[in-house]
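Presented as structure tokens, the chain that follows is alone, the form predicted alone.
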Amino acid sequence: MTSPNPSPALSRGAGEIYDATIIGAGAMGATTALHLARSGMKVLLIDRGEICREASGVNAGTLTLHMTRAALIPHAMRGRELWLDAPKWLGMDVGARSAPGLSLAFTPAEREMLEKRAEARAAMGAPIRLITPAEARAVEPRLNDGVLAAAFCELDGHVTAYLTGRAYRRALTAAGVTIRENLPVSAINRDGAHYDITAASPDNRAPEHLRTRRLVLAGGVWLQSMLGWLGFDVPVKCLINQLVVTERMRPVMRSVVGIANGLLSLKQFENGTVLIGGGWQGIGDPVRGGVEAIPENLVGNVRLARHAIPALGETRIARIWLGLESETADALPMIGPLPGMENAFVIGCVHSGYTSAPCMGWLLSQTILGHEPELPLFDPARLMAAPAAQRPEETP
């Protein structure tokens, strides 16, 4: 007769030890797992849901340098290349397409913001340059005539986000990664040279205790609670971004269009639908996910889209959904080893992180394998240098 509360040593999964376990199967976690497995490691990838079906599966899929933090420009440029080369390293086309990008200004305040942001990103290597309204309309003929200024970038584009989960699943399976979906983790404990992961079995049997030599937390908006398993207290802001897709319509735009203040992101897909984003907030949180759209924010976002491209008035909204985005106190990511925790790492909280996701996962895998990463990481110790009870106040 089986005891209803078996000890960890007798729990299911306790006998197997993985070289690396990644908790969080979004684009960053899945990329990390894939490269570690291809290096010869025995890898376990766990997610409370399904591969790339949480934040990574419901984002706008924009590949942009205009909205990327200046410090992340080199990572975003490399990430964009990797998305476009997905058939080579991921084994499947994920709908990544190159397109020019425009960031617009309709007011003097927006023009000032546009100039400062373009200068900062160009200084970090982004091929962004200021152009005149006439030049902007040559790129995008259906722009509103009220454009005062614009910044142009040849290296923008977009990915069909819902395809990435399918691509990663195939690649991870081929690489020999053990994938455990719909398996929420509730605790992590250090057990000598290993980490013991307690996970709630989806069939409500005894909890599983999974052992691993290396641990990677890749939970995005859920990183605050995940880091809490290891005693760290790191605030993570959760943004609930509203997204809109229209019905199919005639071609009305051929670039990725945004506004300097960050409140608009527009692109038209090959099937004629137009995706409208821009960070207008809905209702939700990390526990419940996206719950409900806010009507006035939806109206504001759509009006702004129609203002930028008046021809959008010809179509109708087909669907609305909510995407989750995470952000640290300094708006820079956490990528690297956890301080004071041997063989434990974190990756996530990258603003406009979908562009750079495959690059970030690759860089972390190189670090875990003992190689010098090609680009710098973002040391999480800056946010958690001391134990949770003693950590000083963070700089805003």
Partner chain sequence: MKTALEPATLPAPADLIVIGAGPAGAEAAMSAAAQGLRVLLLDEAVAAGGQVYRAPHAGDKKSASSPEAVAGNDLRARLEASTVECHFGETVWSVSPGFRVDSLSAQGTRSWHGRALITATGASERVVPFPGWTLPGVIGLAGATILLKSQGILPGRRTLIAGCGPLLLAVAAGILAAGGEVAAVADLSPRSDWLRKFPRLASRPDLLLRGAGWLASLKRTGVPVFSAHTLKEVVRDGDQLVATLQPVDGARRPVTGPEPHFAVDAVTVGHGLVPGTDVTRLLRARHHYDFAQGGWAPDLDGNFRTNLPGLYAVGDGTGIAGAATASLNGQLAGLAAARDLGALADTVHEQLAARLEQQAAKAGRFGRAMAELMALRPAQVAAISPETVVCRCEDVTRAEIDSAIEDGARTVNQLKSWTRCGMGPCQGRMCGDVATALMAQATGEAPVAPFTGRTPFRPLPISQFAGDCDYGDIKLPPPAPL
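Just so you know, these numbers come straight off a predicted model, no measurement behind them. Residue numbers count along the first chain shown, from 1.
Quick note: we don't show the form predicted in complex with the partner chain, though the next part is all about it.
Taking any heavy atom pair closer than or equal to 4.5 Å as contact, tell me whether Arg121 reaches the partner chain in the model of the complex.
Taking the distances in the model of the complex, the answer for Arg121 is yes, it comes within 4.5 Å of the partner chain.
Quick check on Val236: any heavy atom within 4.5 Å of the partner chain in the model of the complex?
No.
Within 4.5 Å, heavy atoms only: does Thr107 come near the partner chain in the model of the complex?
Because a heavy atom of Thr107 falls inside 4.5 Å of the partner chain in the model of the complex, the answer is yes.
Closest heavy atom of Arg316 to the partner chain in the model of the complex, within 4.5 Å or not?
Arg316: yes, in contact with the partner chain in the model of the complex.
Work out which of the listed stretches, 74-82, 151-159, 224-232, 110-118, brings a heavy atom within 4.5 angstroms of the partner chain in the model of the complex.
Checking each option against the 4.5 Å cut-off leaves 110-118.
Is it true that Arg166, Pro295 and Leu312 each have at least one non-hydrogen atom within 4.5 Å of the partner chain in the model of the complex?
Yes, because Arg166, Pro295 and Leu312 each have a heavy atom that approaches the partner chain to within 4.5 Å in the model of the complex.
Just give me the single entry in Arg190, Arg129, Arg248, Arg254 that has a non-hydrogen atom within 4.5 angstroms of the partner chain in the model of the complex.
It is Arg248.
What is the one choice in Ile368, Leu338, Ala37, Ile51 with a heavy atom within 4.5 Å of the partner chain in the model of the complex?
Selected residue: Ile51.
Could you list which residues of 289-303 come within 4.5 Å of the partner chain in the model of the complex, counting heavy atoms only?
Gly290, Val291, Glu292, Pro295, Glu296, Leu298, Val299, Gly300, Val302, Arg303, in sequence order.
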